[in-house]
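One chain comes next, on its own, written as structure tokens: the form predicted on its own.
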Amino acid sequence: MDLEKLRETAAEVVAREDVKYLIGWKNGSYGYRVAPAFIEDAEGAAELIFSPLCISNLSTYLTLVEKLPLPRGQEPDTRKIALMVKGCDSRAVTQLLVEKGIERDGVVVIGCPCPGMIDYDLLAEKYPETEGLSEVKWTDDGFLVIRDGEETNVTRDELLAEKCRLCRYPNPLISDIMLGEPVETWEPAEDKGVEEVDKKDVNGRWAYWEEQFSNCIRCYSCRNVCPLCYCQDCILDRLNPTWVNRAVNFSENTAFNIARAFHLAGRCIECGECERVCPANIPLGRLNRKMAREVRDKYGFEPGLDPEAEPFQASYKPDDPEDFIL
């Protein structure tokens, strides 16, 4: 992507009277770090980047930052929020529109066709971070890693993030402004993570998730980063009545994680943020992708594709397949 074009476009957008600010990515403080950027003027737009390191889904800020109610005496700022999105991010924006979590005239969507993002863990394992800023760029057949002034060409398969290997929609599905030409889509890889769990028997699957959920420290990072977990009053936080206790043990951890998975059924857009931020390295993507596959295969429904669609759990089609119903 042409960075100059990106920054020029961003500067034009934030200069509009009807735009409050733009949310994008900028370089972090060291190494491969990339941080969210809230841009309010042309000077800030000069910091924006879009690279294989911009893996985070920024759409969560649409509901995380702009929360009501306002402090007493403060008038609401009704200007639009501009947001840079990849393909998977755009599905989150679309799903928020479907659920009336945001209003279409309240957001300016800047589409960024995505050739695929880097897996930070794989990158840092092979090419450790340095104190100075490092860079990663796309090449025709992979990535160019630049650290300490040294350039290294790396194949795509070596560092590509799992969610990108499985991605079916690398190009934004909704946008007001598109930066660059659409990328050529690729054949999604086989989801070996879900297959690994699926091939186990019932007891084996239970043992697998028992081991995983026992590691959960209930930090709620998965919930906080998820663009579709935006309820102001989360039922899992309620103490009267208490649905899930605060104790960190296998029973309560299981209740929390399964409740989240079912809450996301027909809503999860498979951006992989929950697994990416989990400090306990729980493979939450496998659980959510399994639910997404069941909804897709049994009901022919995928969330985040059509802003005019009905929410999955509030819709009905006479031609729904029924052969799986006992």
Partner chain sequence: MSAMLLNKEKWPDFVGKLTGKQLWAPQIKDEQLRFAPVAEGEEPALDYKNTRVPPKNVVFPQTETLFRFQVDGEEVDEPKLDEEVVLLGVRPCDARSMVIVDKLFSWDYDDPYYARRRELVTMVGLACSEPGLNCFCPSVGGGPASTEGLDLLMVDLGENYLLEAITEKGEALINETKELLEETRDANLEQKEKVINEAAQKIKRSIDPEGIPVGLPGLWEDSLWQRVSASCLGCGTCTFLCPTCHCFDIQDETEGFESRRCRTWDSCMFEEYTLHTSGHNPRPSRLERTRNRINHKYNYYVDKFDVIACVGCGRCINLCPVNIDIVEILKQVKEAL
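Since the structure is predicted, the reported quantities are computational estimates derived from the model, not experimental observations. Residue numbers count along the first chain shown, from 1.
Beyond what is shown, the protein has a form predicted in complex with its partner chain; the following relates to that form.
- Here the chain stands alone, but in the model of the complex its contact with its partner chain, taken as any heavy atom within 4.5 Å, falls in 210 to 218 among 163 to 171, 210 to 218, 82 to 90, 109 to 117.
- The listed set 155, 152, 130, 139 contains one residue whose heavy atoms approach its partner chain in the model of the complex to within 4.5 Å, identified as 130.
- Put simply, residue 46 is far from its partner chain in the model of the complex: not one heavy atom of it is within 4.5 Å.
- Under a 4.5 angstroms non-hydrogen atom cutoff, its partner chain in the model of the complex lacks residue 122 among its neighbouring residues.
- For residue 248, a non-hydrogen atom is located within 4.5 Å of its partner chain in the model of the complex, even though that partner is not displayed.
- Interface residue remark: residue 224 is counted as part of the site for its partner chain in the model of the complex, having a heavy atom within 4.5 Å.
- Along 26 to 49, these residues reach a heavy atom to within 4.5 Å of its partner chain in the model of the complex: 28, 29, 30, 33, 34, 35, 36, 38.
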